[in-house]
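Structure 1 and structure 2, given next as structure tokens, are two forms of the same protein chain, each shown alone.
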Structure 1
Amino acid sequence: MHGPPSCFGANFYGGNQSYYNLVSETGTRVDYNNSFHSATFMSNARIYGNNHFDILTFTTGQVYELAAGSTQTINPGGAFIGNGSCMDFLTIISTSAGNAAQIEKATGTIGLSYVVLQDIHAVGGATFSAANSADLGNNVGWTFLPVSPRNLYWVGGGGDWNDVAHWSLTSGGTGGECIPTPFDNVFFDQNAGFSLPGEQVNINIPVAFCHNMDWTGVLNLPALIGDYQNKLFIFGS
């Protein structure tokens, strides 16, 4: 494999190149038909064309867009590592809603966890699974391991969305629950702990989720805020 032995934080335009080791610490765009021994994306990335990887690594809390109609191939004996966390899901979507991108592996297994998938088709013969994950539709070839919906109550007053100390299974209860998934209902009620007017709930991660959101009975007019780049998806009411 030729090309530079390693690259950091670059955009790859033109395509049809080979790289040994890519470590990208910033938002990255990859264009058209490259080959990588190892590619680690530590921030958001958009990937175009049909690329090949021995080892492809996506990072918790980030959003990865694969070009609709493209195929990202994990080579024989290779690995696709894509694990989010209870505090911060990893999101993989197509660049065009409703139009699928493909991840291909001929044999073996690909097992992801705490991911959100939409418009991603798994092809090629390997076994693809996603644990503690959300299927937002048009995902073919994946086995989604069961997730039980929860009712989560905000506690402890103002703070960051991804701080597990603010999520409880009971109103006014003890925090420590994993942050909401697209299946979970969230409640901000009279026991949410807002003792001063204008306290804030900060959407501090690139993508946050819930099913239904209910502010009935909340005290002291708290504010739901976030950076303009961060998103909150509500899948119910």
Structure 2
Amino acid sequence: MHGPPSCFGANFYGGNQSYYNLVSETGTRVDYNNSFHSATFMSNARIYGNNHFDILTFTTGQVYELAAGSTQTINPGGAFIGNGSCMDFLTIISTSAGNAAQIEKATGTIGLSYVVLQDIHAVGGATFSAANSADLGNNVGWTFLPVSPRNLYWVGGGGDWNDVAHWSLTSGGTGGECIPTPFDNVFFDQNAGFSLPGEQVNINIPVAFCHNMDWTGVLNLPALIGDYQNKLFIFGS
């Protein structure tokens, strides 16, 4: 299909189709083998089959599942754009525990940032890298770029985990730091700003990370809360 961009969320059953500019705004499932010029998934997606893309774009804060055993190919000269943000990560995993899916690109580079990867193998000769990202295992062919660990202090009392205004480089300091990565230590201390009993730190994103977590000295018995569908990963060194 060629023409103006299509804007919808859908399930692409049947397969063996060619799509031009696709923008999917809601949860999407792709089946079998297809060819896309530009595909932008703005919400969660499951991608089955072996598909080819000139340009594949994933969106921050969303979860993308690639079928175990499948290969998603970025065509020569194409691009894979998958960047999380300072406030949220982008997650790419396979559909089956321990069974990898492949992303293939023959030449050039693919550079992602603020992503969570698990069971994703990078193949085909291109250079694959991930910055400020989490390796949850069975990721082959990726270079996880080293980052400088930070000590991040919670400030400003109760609030959401992904609100950068609550993360500071100093105890009681000014917020504005990007949310914690797996390399960052987080502290909730006497200067965290909890002025009333029971104020809450809400893990409000699908995956939250830290290296060490320390609540020593915190005042007024704050609560760490979050819904069942969200996950907290505390990494050792």
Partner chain sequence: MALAFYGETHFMSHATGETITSAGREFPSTVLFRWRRRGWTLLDAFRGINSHTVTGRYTRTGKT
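Residue numbering: structure 1 sequence, from 1. All values derive from a computational prediction rather than experimental measurement. Each form is matched to the other, and the largest set of C-alpha atoms that superpose within 1.5 Å is called the rigid core.
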Which number, 1 or 2, marks the form predicted alone? 1
Rigid core fitted, then: does Tyr32 show a CA shift of 2 angstroms or greater between structures 1 and 2? no
Rigid core superposition, Phe209 Cα moves 2 angstroms or more between structures 1 and 2: yes
Relative to the superposed rigid core, does Val23 relocate between structures 1 and 2 - that is, does its Cα move 2 Å or more? no
What is the C-alpha shift for Pro180 between structures 1 and 2, rigid core superposed, to one decimal in Å? 3.2
